[in-house]
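So here's one chain in two forms, each on its own in structure tokens, numbered structure 1 and structure 2.
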Structure 1
């Protein structure tokens, strides 16, 4: 008898990404639902009790962290696997500390994602290789450091929305506007708007200054 497929619920605010993941994993897992906003996700996950919740980290209204916290306080047995464009240490640590079993980036290949889902369903901790180092480092630091995020330390960073921070990181890593648009599944015009907002809020003049600002704060 073949093993049962993992029952997966997907939370992501981009319809194209949800459709792509479902197409990629078709036949390997059983999708039992999806949601694109926090409140609906929490209610549907509690109602359907999936084996694994595939969770986007950066969404409106508190993002994946709000979904995770909202579910865990009602049913701590639900297993979460974060699937995010972000590979920033603070994102990884915040999600894991909130109760996720693993964290992988959206650059992951289909077969690897299937394996990650199956391992998460089985109770394993699953991380992309580079991200595992962030989690290990977290356990070697003091409690004060673990609970401190860049936004708590930097009032300037607090001005930015999660999406603006994502765009900021990608700009600082040398991505073109077109590459960022593809990575985040948004239009080039939207990328330009986010960059303009970031420059205005941080009182910077150009991309070079923005990259230096991000580098100084170890946001890369």
Structure 2
């Protein structure tokens, strides 16, 4: 089925698992490197441009997602096959949205994994069978908003007081002043005050810009 062995790079923070996978795949693929943390993985992947990257999803420092994003912004042609113990929808969808071409769980058997790698190398999309269904479900329903970064690290957010942020989030969700007032049990005038303060501090001029600002920063 495969004229040449696929050149595979593996990213996983557990040495035991790396060893296990290598043993399973020995002879069927060509391992060209491995990494156990995010930063090193990104550099080595860019440098060696493997056919397929076997990517563990759950790792320190941002996990597989950080690796994916770090690599894709520099070379979008790298094909990732996510390999995870998790079958949670958030994980799968986040990884796919970030650009991975496949996602299989670690319950996969050796031969299947080999096939999955080969198909990924050939440009196909590969999923654990049970997984494929709800990826489609997410697509059908249009499930977007997955909060990946609740960013505490935003200097612009820092100038806002807690109450202002609270009001900001309600504004961004489309609530009217009256609704916000009721919900926070304060007067409309107070809501106005907070909104004015937020608009001034962020140098915006109306609630639509505020909505965009908030969605860009994933505050919803």
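Residue numbers count along the first chain shown, from 1. No experiment lies behind these values; they were computed from the predicted model shown. Here, rigid core means the biggest group of C-alpha atoms that superpose within 1.5 Å across both forms.
Just one of these is the form predicted alone; is it 1 or 2?
That would be structure 1.
Following rigid core alignment, is the displacement of the residue 25 C-alpha between structure 1 and structure 2 equal to or greater than 2 angstroms?
No, shifts by less than 2 Å.
Core-aligned, what does the C-alpha of residue 168 shift between structure 1 and structure 2, expressed in angstrom?
Comparing between structure 1 and structure 2 after core fitting, residue 168 shifts 32.1 Å at its C-alpha.
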